[in-house]
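There is one chain below, alone, in C-alpha cells, taken in the form predicted on its own.
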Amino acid sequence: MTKFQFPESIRSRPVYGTLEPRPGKAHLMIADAEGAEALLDLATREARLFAQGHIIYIPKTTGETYTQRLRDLGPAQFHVGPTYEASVPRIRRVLSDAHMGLQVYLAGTEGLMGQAQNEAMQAGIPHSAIQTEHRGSVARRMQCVHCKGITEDVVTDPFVCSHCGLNLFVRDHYSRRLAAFQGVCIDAEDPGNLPDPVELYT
C-alpha cells in the first residue's frame, strides 16, 4: 500500500480523498506511478465505469509494474505517456472534446494531480467533478518565489533551486494556479548558514 497520511497544515495546502465511482457519461482517469493502485482499487468498487473510461497513465519509475493490469480493466481508451509534459496535448484534447457529465479521477503524486486539476478547471470542468487520491511519492513540485522557476520532485528541506541556485525553505503555501508549493530563501540574512537537509515528513 502506498498511501500516506499528510499531517494537518494551513488552509491552502491541498487535501486528498479516495476515488469513488460516480455516475457520468464519460470518465477521464489520469494517474502516475503508484497512482495506478487507486484506479485498480476503484475498479474493485465499480468495474463497469471503465468501459466508458479513458486512462492516461505515466509509469515513471514503476516501469511495467501496473501497465498491463490497467489495460486489463478494459477501458474504452488507454494511453501510456513517458512524462506528464508529453501527455498534456492528449489531456487537453480529451478535455476540449468533453461533454457535460465528464467525471475526472486523478491519482498519484501531488505534482501530477495539481497540474491535471489545473488543466481540467481551465477547460471548464467543475471542481465537484474532479476527484483526487494521493499515492506513492511525497515529492513536491516547488516554485522559487524569487526567480519564479519550478523545481520538480523536491524531497528534502531545504533544497537548492534548479534555476537560480538559492537555498530554499519548503513551505506548505500552495498555488493552485501554478500547481506548485512555494519555496523561499532560507539564508538571505546569513548566506551559507544552513540547517542540514532532511527528507520531507521524516
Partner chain sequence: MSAAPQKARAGAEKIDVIVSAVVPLNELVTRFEFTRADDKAFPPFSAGAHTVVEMRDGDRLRLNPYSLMSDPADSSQYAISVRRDDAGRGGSLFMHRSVKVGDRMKISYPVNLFPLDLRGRKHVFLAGGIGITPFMAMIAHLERMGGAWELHYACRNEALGTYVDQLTSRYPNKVHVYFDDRNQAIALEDLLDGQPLGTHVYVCGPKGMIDWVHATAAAHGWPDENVHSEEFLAPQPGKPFEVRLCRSDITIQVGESESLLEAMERCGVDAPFLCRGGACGQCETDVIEADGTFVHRDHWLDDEDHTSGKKIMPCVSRFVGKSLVLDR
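Residue numbers count along the first chain shown, from 1. This one's a predicted model, so the numbers in the text were calculated from it and none came from an experiment.
Missing here is the form predicted in complex with its partner chain; even so, the following discussion is about that form.
Of the listed positions (76, 88, 80, 100), a single one reaches within 4.5 angstroms of its partner chain by any non-hydrogen atom in the model of the complex, namely 100. Residues with any non-hydrogen atom within 4.5 angstroms of its partner chain in the model of the complex fall in just one of 109 to 117, 128 to 136, 67 to 75, 80 to 88: 128 to 136.
Taking non-hydrogen atoms only, residue 192 never approaches its partner chain to within 4.5 angstroms in the model of the complex. Within 4.5 Å of any heavy atom of its partner chain in the model of the complex lies no heavy atom of residue 14. In the model of the complex, its partner chain stays beyond 4.5 Å of every heavy atom belonging to residue 21.
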